[in-house]
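Below, in structure tokens: the form predicted on its own, a single chain.
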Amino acid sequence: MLKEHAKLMCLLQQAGEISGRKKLQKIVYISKKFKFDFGERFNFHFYGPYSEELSLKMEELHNLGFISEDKEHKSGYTQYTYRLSEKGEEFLRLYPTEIKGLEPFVRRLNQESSRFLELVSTLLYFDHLPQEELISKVQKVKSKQKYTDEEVHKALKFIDELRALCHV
């Protein structure tokens, strides 16, 4: 078992469960942006930052039986829910993996919708830009999602809340 796989198992253990592939991607990306130790590389994709490596590792963990992946068919799409399996729990008991301070951070992220986390992760992806340019860029690349000014400001405030949570 590779260390990076064990970190993802630790994240799932801390979160309890995560509903949605997009939400999982955004939680790992946002955690990484806040200096939690995840090694996956992300590129900008249709729904914001996306990591093919993360998708492959989750598939490997599922195939090895360390995580469960439940599928639920909802109006026109499939919703995936991930959680650590008993085999995964046993593995983490034998090979403890800890990411200090991750649990309250991940639990806070997991309370938000995948749509909101998509906005937050996109803002973080372009966080090297000045704020006015950042907002303009995000509204341009996410024009199909039609985020309101109120949602953007809520997301910026949420990022500040996350900084306080991490003492960054």
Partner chain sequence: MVSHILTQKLDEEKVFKDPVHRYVHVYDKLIWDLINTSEFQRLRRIRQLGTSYVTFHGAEHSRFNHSLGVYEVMRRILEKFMTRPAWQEAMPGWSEEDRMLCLCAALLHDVGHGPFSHSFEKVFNTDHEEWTGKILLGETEINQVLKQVSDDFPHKVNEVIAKTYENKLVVSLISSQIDADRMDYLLRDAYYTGVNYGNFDLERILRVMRPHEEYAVIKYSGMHAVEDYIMSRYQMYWQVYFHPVTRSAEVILRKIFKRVKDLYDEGYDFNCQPHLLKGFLEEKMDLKDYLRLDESTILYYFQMWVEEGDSILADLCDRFINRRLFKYVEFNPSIHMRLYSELEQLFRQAGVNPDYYLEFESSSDLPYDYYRPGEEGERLPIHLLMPGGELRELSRASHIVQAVSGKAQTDHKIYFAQDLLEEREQAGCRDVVAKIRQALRDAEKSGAR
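Keep in mind that what you see is a predicted model, and the values were worked out from it rather than measured. Numbering follows the first chain given and starts at 1.
FYI, the form predicted in complex with the partner chain isn't displayed, but the following is about it.
The partner chain is not shown here, but in the predicted bound form it comes within 4.5 Å of a heavy atom of residue 5. The shortest heavy atom separation between residue 29 and the partner chain in the predicted bound form exceeds 4.5 Å. For the chain shown alone, residue 79 is a contact residue for the partner chain in the predicted bound form, at least one non-hydrogen atom being within 4.5 angstroms. Interface residue remark: residue 137 is counted as part of the site for the partner chain in the predicted bound form, having a heavy atom within 4.5 Å. Taking a 4.5 Å heavy atom cutoff to the partner chain in the predicted bound form, the contact residue among 34, 47, 116, 105 is 47.
Taking the partner chain as positioned in the predicted bound form, the residues of 80 to 106 that bring a heavy atom within 4.5 Å of it are, in sequence order, 80, 87, 90, 91, 94, 95.
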